[in-house]
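Let's start with one chain on its own, the form predicted on its own, as structure tokens.
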Amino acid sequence: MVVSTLKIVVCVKTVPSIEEKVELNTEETDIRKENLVFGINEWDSYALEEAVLIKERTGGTVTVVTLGPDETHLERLVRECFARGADEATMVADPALRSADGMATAKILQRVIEDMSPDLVLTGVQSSDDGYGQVGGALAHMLGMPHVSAVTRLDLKDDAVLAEQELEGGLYRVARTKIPSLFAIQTGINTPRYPSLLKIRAAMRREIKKFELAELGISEADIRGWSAGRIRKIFFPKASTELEFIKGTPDEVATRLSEIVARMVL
């Protein structure tokens, strides 16, 4: 019989909508976000819905955890999660988080989540803004949990979880893990619900646990040290009809590719 007091943690991220034309900042290291609309990351939306569905079937609680540089955007995101079925929420807002990459994000999430002792941790496979796809796997390693990515179905059996995983080429496989485990959820696993106006209004009165980086023992220098990479430049791809077939040994092909990428960036 499945434990009826499951503690489920869902990691969610607020991302800008880039359906309209966007502009780059003056440093060409990011897009200008001043006038963009922010909302829940698509993959995280499915992860949240899956957590709520599990809670409705087995009981337990759903806690969302989010972090980012803008407190207003984070609080709006958390309110939406409450309206969609989350029970508790923790957020970490600090301008220093603008420089956090996937590894640094996972490290900060670990500091927040490890004391919660969750049975299940759900994340999205990736985020629509940076597309790192690293946080789920890195966080699972830091928490010492088994990890399955690109999950398209979850079935709880006693103290184990059967996770259907999407592979390349239209293939799927089923992985079996024990509780606690972390799962990176793929889109299409469910149909995320739209909250009612009543639930939206009720969500506005819910308490949110807020932390500053200093309370977690984290400094801006820590974030820079944990971040494995730096964004040097982003740019819009140029339309071109040029085509180059790269031939040679793996080392020769890799060298040529690095030359092309370096030329594009510099």
Partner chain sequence: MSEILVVAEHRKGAIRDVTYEMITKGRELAEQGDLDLCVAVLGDEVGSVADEIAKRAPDKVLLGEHEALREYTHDGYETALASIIRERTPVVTMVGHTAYGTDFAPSLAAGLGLPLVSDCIDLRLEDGVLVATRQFYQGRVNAEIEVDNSRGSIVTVRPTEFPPASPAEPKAKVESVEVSVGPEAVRTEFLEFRELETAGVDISQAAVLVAVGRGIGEEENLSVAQALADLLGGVLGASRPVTDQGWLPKERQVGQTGKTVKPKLYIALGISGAMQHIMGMKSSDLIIAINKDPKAPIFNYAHYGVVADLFDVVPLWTEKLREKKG
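Positions refer to the first chain, counted from 1. So that the term is clear: the rigid core is the largest set of C-alpha atoms that superpose within 1.5 Å between two forms. This structure is a prediction, so every number in the text was calculated from the model and none was measured.
This next part talks about the form predicted in complex with its partner chain, which is not shown.
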Worksheet item: Exactly one of Asp129, Glu114, Asp155, Asp159 has a non-hydrogen atom within 4.5 Å of its partner chain in the predicted bound form; which residue is it?
Response: Asp129
Discussion item. Since only the chain is shown here, I'm wondering whether His147 would be in contact with its partner chain in the predicted bound form (any heavy atom pair within 4.5 Å).
Written reply: yes
Discussion item. Taking its partner chain as it sits in the predicted bound form, is Gly217 in contact with it (heavy atom to heavy atom, 4.5 Å or less)?
Written reply: no
Discussion item. Is Gln165 near its partner chain? Define near as a heavy atom within 4.5 Å, in the predicted bound form.
Written reply: yes
Practice prompt. Find out whether any non-hydrogen atom of Thr26 is located within 4.5 angstroms of its partner chain in the predicted bound form, and reply yes or no.
Written response: no
Item to complete: Counting only non-hydrogen atoms, choose the one of 69 to 77, 84 to 92, 114 to 122, 130 to 138 that falls within 4.5 Å of its partner chain in the predicted bound form.
Response: 130 to 138
Worksheet item: Which of the residues spanning 213 to 246 lie within 4.5 Å of its partner chain in the predicted bound form, based on heavy atoms?
Response: Ala228, Gly229, Arg230, Ile231, Arg232, Lys233, Ile234, Phe235, Phe236, Pro237, Lys238, Ala239, Ser240, Glu242, Leu243, Glu244, Phe245, Ile246
Worksheet item: Cα of Thr26 displaced 2 Å or more between the shown form and the other one, core superposed?
Response: no
